[in-house]
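Just one chain is shown here, as structure tokens, and it is the form predicted alone.
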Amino acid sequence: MDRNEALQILKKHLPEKRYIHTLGVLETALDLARVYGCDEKKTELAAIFHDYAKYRPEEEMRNIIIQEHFPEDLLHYHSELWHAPAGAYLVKKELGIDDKDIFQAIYYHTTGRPGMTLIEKIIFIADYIEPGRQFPGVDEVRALAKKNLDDAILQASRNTIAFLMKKNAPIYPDTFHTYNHFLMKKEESSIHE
């Protein structure tokens, strides 16, 4: 599937503001893919379809999580998280994009996870730092992403956790696990320097 076809399909599923966000994620992800040597075609498709299920009915996303045996604890957290695993499933089922790298990049783009692949890191960070995003701390993560993706993920996770704590909102465990993984990895590498 080429870029134009993918964007035409996506446009039917998103309001204009979210479509513009997706274009920002796409360009950011491709820039990062070039810097870090990631497959550009896979990065392009994962970036285009990362929010494919964002505006699906909650009941549909809930049913996908149950039916596909995705972690049911997702259902105890904000439905904002559901579009990532539901989207990964729907991209495979409805669009026939059956690629594990693309599936996982979409699946984990909201929470991250320990041991993320390069494409997962790129989609996670591109979603966080795309040019339309404006919030405290985003510029620091943008600067880090140009130098070290792991450091950018660590800071983005730290920012997300702090933001959710200030809102008194529950935090999905994968977000903590991502933070801990990249923090320990950084501490380990500094010991070996």
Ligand code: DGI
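We number the residues from 1 along the sequence you see. Small disclaimer: the values here were computed from a predicted structure and weren't measured.
The protein also exists as the form predicted together with this ligand; that form is not presented, and the subsequent description refers to it.
Residue contact check for residue 51: one or more of its heavy atoms lie within 4.5 Å of this ligand in the predicted bound form. In the predicted bound form, residue 185 stays away from this ligand, with no heavy atom inside 4.5 Å.
The shortest heavy atom separation between residue 78 and this ligand in the predicted bound form is within 4.5 Å. Contact check for residue 155: every heavy atom lies farther than 4.5 Å from this ligand in the predicted bound form. Residues 36, 121 and 180 are none of them found to lie within 4.5 Å of this ligand in the predicted bound form, as judged by heavy atom distances. The chain is drawn here without this ligand; in the predicted bound form, the stretch among 144-152, 28-36, 61-69, 159-167 whose residues come within 4.5 Å of it by any heavy atom is 159-167. Although this ligand is not shown here, in the predicted bound form the stretch 116-133 places heavy atoms of 127, 133 within 4.5 Å of it, in sequence order.
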